[in-house]
Ligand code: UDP
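Single chain ahead, by itself, as structure tokens, in the form predicted on its own.
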Amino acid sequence: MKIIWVAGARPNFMKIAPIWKAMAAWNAGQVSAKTRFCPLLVHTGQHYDANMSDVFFRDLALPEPDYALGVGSGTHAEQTGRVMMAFEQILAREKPDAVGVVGDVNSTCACALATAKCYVLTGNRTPLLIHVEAGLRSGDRLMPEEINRLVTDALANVLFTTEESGTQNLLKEGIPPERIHFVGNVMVDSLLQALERDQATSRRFEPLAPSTGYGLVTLHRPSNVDDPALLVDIIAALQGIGQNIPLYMPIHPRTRAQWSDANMINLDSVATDRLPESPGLYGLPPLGYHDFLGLMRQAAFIITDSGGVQEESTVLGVPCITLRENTERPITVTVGTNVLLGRNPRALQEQVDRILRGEWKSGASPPGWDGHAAERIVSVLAKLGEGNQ
């Protein structure tokens, strides 16, 4: 089976890496070439900063992409259009049996659309469209990611879900049950593999970490960082918390741009040091997978608006405060360590105080988040490939 896997942004790499490894293990046990996978990797370049892209390929032992599209940034329409145009050419050239997209970024939706429309270009046949991490819903169509999820799932032929809510969402939307496969969470596969190799360390930042512990902060969603007044309130709340316990904050390029536009703090020189005029709040550049995972696993708590961080903190058992009104990953709240705070930075201090007093829920790892999701995905795909021989 010739299958093209598409990565556009850093969460995609973490999901594709264990699948790539599982495909290699499957191929090693096959005698006939007809039962093997022939994978190709496309990097759209949606995340193009080296710290948001290249370092993840190295950390996750992914091969160099077969195709690097280099689409860069732009409006949602511009970025989606550029990915579609470039990916269409790859489909025409490679004529794959299947295309695998993961997550919910613009590249996911763009390549799903191009695949669904490539019948003539691929020899009057349409490749199977596979969506890993299907069915997640926030219910908020103002989130660009929610639109990407809805469109991709409506077009996909094979849908792999990470939690029961995803399966139920797809069934409610009329997706035939035979297309839906609950396999667990491939991002957890990457996390557990890193822990087993003892590569999740934060030694790079140990000189800044006091024995009393620290918190970790990630912010990048437009609903938080594109609103100057809200961003000012969030940073003020973080500065207040930082007076009692240090906070590390890897600064996403989007957040950096909005911060600078708001004339809040000059971030040009931010490396591994306190933000100017912010004692206890350490600004960091975007981090590689192992560095970030190391900081996360040793943190006393996490403040975030990232879906992936909600999942990883749940598996690591680290208390997580999410600055969002909703989440497409409800199992991190019902089973895991996550709590939704809404867009309410003034309530952050109270929640951090609860954590430091030991009053936070302990949480647990959800079903299927066991490090073997990729193996289950490859098993399903192998059966589909055998059926198409």
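From 1 onward, residues are counted along the sequence shown. Since the model is a prediction, treat every value here as computed from it, not as a measurement.
Same protein, other form: the form predicted in complex with this ligand, not shown, and the subject of what follows.
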Considering this ligand in the predicted bound form, find the one stretch among 120 to 128, 218 to 226, 172 to 180, 153 to 161 with heavy atoms no farther than 4.5 Å from it. 218 to 226
Answer yes or no: in the predicted bound form, does this ligand come within 4.5 Å of a heavy atom in every one of P11, P250 and G307? yes
Can you work out whether G240 and this ligand are in contact in the predicted bound form, taking contact to mean some heavy atom pair no more than 4.5 Å apart? no
Taking this ligand as it sits in the predicted bound form, is M187 near enough to touch it, meaning that at least one heavy atom pair lies within 4.5 angstroms? yes
Contact test in the predicted bound form: P286 vs this ligand, heavy atoms, 4.5 Å: yes
Close approach of L136 to this ligand in the predicted bound form, 4.5 Å, heavy atom: no
In this chain shown alone, the residue from A112, V132, I302, L293 with a heavy atom within 4.5 Å of this ligand in the predicted bound form is L293
